[in-house]
Every structure is written in structure tokens, then in C-alpha cells.
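The data below hold one chain only, encoded as C-alpha cells and taken in the form predicted on its own.
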């Protein structure tokens, strides 16, 4: 069972839940920018939640089906068309051999996830099919898809169709998007006034955004606590002796524009980080369009863990609804 790529869209890649366990070697986890959307797309067609899907950014691909199958599309709102006929998002449906999948213009969000019954069955690299172009891992020969590619699918025996996720259980950011932040190891490097101002300011997503990180503009430039730069750190007050970056870390080079490190980001470097976006909100970042207004919200560890539990509970509700 295979798919034929007629048009690849703007930036379409194969992604699953990533390859954990190699960050200490400088290999990021990669995987879906919106893990919630990938999981739910797979649930709808009967796959394991971590099966490989297509992640498309801003513009969808055009695909010809070479066998009958079932598909579902979740994430950002982008009209789905089968042979030109519009289909429901966040729902699974059957397609026939020879039919063509295409998409209209993006209406909301930034990324869609296209799940196929059986999952994408390209070779594993370090336990994952996720595309990491810098390391030439996963995907199709370590790259995103292009026109003319043929993509294999797995076993269709568990295929499901006719399922739908209720609107109240779908997950996209509001406008302005609230991103909850847990202050971190280098929080003390900025003044108390700057700490407060960071959360009061109105920020916007900059055009410089990809799978490595998302930059934000529009806030007040940071003021730093005076210091004597330690040996090995640069003269800029935002420099540190090289340190580790957690997933979701917020670095602020020269104290001007925060950058949230995402799925394909490096594992360490010489810029200080003020903290990290909590895990429950990282999926939202994958759905932010350029110029989207954003507010950063300060939380503590207890609140971060409660938000993670709420997200897990939401996935549990979806599993229950789809099993009924």
C-alpha cells in the first residue's frame, strides 16, 4: 500500500512522536510540533497513537491513493478535499484507489496532521520515522517529502472510519495565545523589573519560526543584573558558559527577542535561558502563525504539573469517546 505525492505543499514532512534518549548526544527528539493533533489523528483511523503521519505547514500537499484506505486530518483548520469534494476535519473517512487528496487555504492554526490507516511505514532511524533534516534522519532519505515520492503504508487490518472528535475536545490556541512559563536556572540574571515586564508585555510571533525555534517580537528589551563575566562566557550579558537547553527553553540573545526552542532545536549553547514553556502548552506553539499576539503567563511547578494532568485527562476523554 503506497501513496504518491503529486504536490508536496510548502513544508511537509513525516513525523511521529520523536526519538527520545539521544539529546545528550546532540540529537533532538524531533517529532510532531503538535503532539496532541498527531495522537488524535492516529486514534481516528485505528493506529497506535505514535504512528508516523504527515505534518504539513501552512499549505497542504496533494496526494494520490494507490489503494483503498482510511484517513483523518487534525490540527489547524484547512479544508480537506477528496476529488474536489470537501470532507470533515477531525474525523476519519474512507478513500478509494485513484482518488486525490488536496487542501484549501489555511483558516486557523499553522500545521495539519494527516494520518493514514496503518501509519507511514518508512524505515526507522534511532527508533523513529520523524524527519530531522539537519541530521539526515527519518523521513525520505533524511529529508521532507517532495513531488514524485512514493510513501509506503503499514498494515490496514485495524483501519477505522466514521469517527469524529467533538469540537469541545479539539485543541488550538486562542488569540492572544497564552503560553505558561516556568522560570528557570538563569532567571536571576535579569532585573526584577525586567522579570515583571516580560509577563506584562504584549508579544507577537516573528516570521522567523521553524521546527528549531520560534522568535517573538514587540516586548521591552531586557535589563541584566551587573556581573563579572565568568571565564568562558562572552562579554554580552546574555552569554553564559555553555549550558544545556531543555525542550521549551526560552533563550533571549542580547536580551532583545525571546526564542522558544522546539522539536529540532540544539541541546545546548552559550545563551542564557530565562525558563521554559510548560509541556502542556508546547503544542500550541506549533499552531502559531506569524504576527499572532502572545502573552506569557508565569506559573509554578505545581501549576505546570496540574496543566499536564489536564492535558492527559483530555486525551483520556477522547479515547473513551472514540471507543464508545
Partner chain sequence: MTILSPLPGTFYSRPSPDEPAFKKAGDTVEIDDTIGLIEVMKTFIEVKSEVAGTFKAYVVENSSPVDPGAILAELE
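Residue numbers count along the first chain shown, from 1. What you see is a predicted model, and the numbers here were worked out from it, not measured in a lab.
The same protein also has a form predicted together with its partner chain, omitted here; what follows describes it.
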**Message:** Just to confirm, with a 4.5 Å cut-off on non-hydrogen atoms, which of 299, 70, 29, 57 contacts its partner chain in the predicted complex?
**Reply:** 57
**Item:** Listed residue (209, 101, 240, 163) with a non-hydrogen atom within 4.5 angstroms of its partner chain in the predicted complex
**Value:** 209
**Complete:** Partner contact check in the predicted complex: of 81-89, 201-209, 188-196, 224-232, the stretch with a heavy atom within 4.5 Å of its partner chain is 201-209
**Item:** Exercise: residue 177 in contact with its partner chain in the predicted complex, heavy atom 4.5 Å
**Value:** no
**Request:** Would you please decide whether residue 290 lies within 4.5 angstroms of its partner chain in the predicted complex, comparing each non-hydrogen atom pair?
**Result:** yes
**Message:** Although the partner isn't part of this model, could you tell me whether residue 303 comes within 4.5 Å of its partner chain in the predicted complex, counting any heavy atom of the residue?
**Reply:** no
**Prompt:** in the predicted complex, does residue 106 have a heavy atom within 4.5 Å of its partner chain?
**Reply:** yes
**Request:** For the stretch 1-18, return the residues whose heavy atoms include at least one within 4.5 Å of its partner chain in the predicted complex, in the order they occur.
**Result:** 10, 11
